[in-house]
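Shown next as C-alpha cells: one chain only, the form predicted on its own.
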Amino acid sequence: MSWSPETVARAERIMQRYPERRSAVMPLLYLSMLEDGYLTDDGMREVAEWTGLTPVQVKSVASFYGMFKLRYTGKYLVSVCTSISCMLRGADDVMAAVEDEAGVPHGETDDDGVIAVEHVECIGACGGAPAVQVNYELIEGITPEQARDLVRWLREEQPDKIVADDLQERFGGTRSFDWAIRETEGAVGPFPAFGPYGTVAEEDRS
C-alpha cells in the first residue's frame, strides 16, 4: 500500500517540523486515518517507514490513545462525556438516548456505517455539562431529546462537515462560557479538525 500524493505531500511537510523522525508518529497516524478512514495494518506500517519505528512500536502508540481508531467508526463519531460533572448533570440519560436512537451501544457503529457511539472521559467542558462531541466538535448543555434530534439529523442530513458553533445552535443548551468569536471551520471525518492534517473544512453559510 502507498498513500495518495496529497497525503504524501502533507506527510513531507509534517516531517519537516520534527528534528527526530519518530516524534512525528502521532500526526502521521492522523494522516493514515484520513487516508483509510481508520488505522489499518498497512497504514501503520507506512507510518513506521516514515518514522523509523517498527510496526509494533507504531501500533503500541495507536492502541494507547483513544482518539486513534483501529477499526472503522462510521462517518460520524458521537462521543458522550460520562465523567463526574457530566454524569451529575444527566450524561447517563444522554448516553442512553444516543445509543437508543443510533441503534448501537458504546463502541459500535451502525449497520449503514453512518454513526458510531462511544462514551469518553472528561472533554474539558464541565461548566457546560452534559457535553457531547461529534467528530470532536463540541456541544454543551445537551438534553436527551436534543441528543436524539442530533442523531436523527446526522443520519438524515449527513453533512459534509461538522462545525461546533452550528451544532451548538441546533442542539446545545447552556455553555460553560461565551464562545465569542464564531468558529467557521469544522471536521470532515471522525478525527480532530486540524489544517496540516487535511481534516478541516470551512463552514458553508450559504
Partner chain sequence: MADLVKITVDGKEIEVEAGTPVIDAAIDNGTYIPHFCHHSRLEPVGLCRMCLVELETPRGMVLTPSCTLPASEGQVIHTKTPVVDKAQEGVLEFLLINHPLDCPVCDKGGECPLQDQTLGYGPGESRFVEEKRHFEKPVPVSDLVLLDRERCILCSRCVRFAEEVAGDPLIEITARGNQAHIETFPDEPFSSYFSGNTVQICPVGALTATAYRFRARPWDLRKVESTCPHCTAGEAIEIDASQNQVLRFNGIDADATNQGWLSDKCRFGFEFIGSAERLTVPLVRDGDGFRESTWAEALDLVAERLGAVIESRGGEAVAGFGGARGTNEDAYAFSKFMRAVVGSNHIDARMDDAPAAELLAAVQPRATIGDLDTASTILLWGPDLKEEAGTLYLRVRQAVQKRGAKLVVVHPRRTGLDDRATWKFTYRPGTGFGTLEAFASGAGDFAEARKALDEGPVVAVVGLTGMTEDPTLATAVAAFAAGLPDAKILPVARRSNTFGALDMGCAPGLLPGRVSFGDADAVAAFEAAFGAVPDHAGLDTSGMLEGLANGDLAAAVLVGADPVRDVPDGALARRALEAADFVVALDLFLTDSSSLADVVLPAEGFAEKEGTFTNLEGRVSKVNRIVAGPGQTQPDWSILEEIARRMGRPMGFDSAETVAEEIATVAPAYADLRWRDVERKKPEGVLLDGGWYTPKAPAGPDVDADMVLHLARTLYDDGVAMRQSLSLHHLAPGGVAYLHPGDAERLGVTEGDQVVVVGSAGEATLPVRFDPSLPAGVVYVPFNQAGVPSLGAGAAVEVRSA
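Positions refer to the first chain, counted from 1. Model, not experiment: these values are computed from the prediction.
Keep in mind that the form predicted in complex with its partner chain is not shown, yet the notes after this line are about it.
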Just one of 28 to 36, 143 to 151, 166 to 174, 63 to 71 has heavy atoms within 4.5 Å of its partner chain in the predicted complex; which? 63 to 71
I have R22, M44 and K59 flagged as a candidate spot, so tell me whether each of them has a non-hydrogen atom within 4.5 Å of its partner chain in the predicted complex. yes
Report yes if any heavy atom of P159 sits within 4.5 Å of a heavy atom of its partner chain in the predicted complex; otherwise report no. no
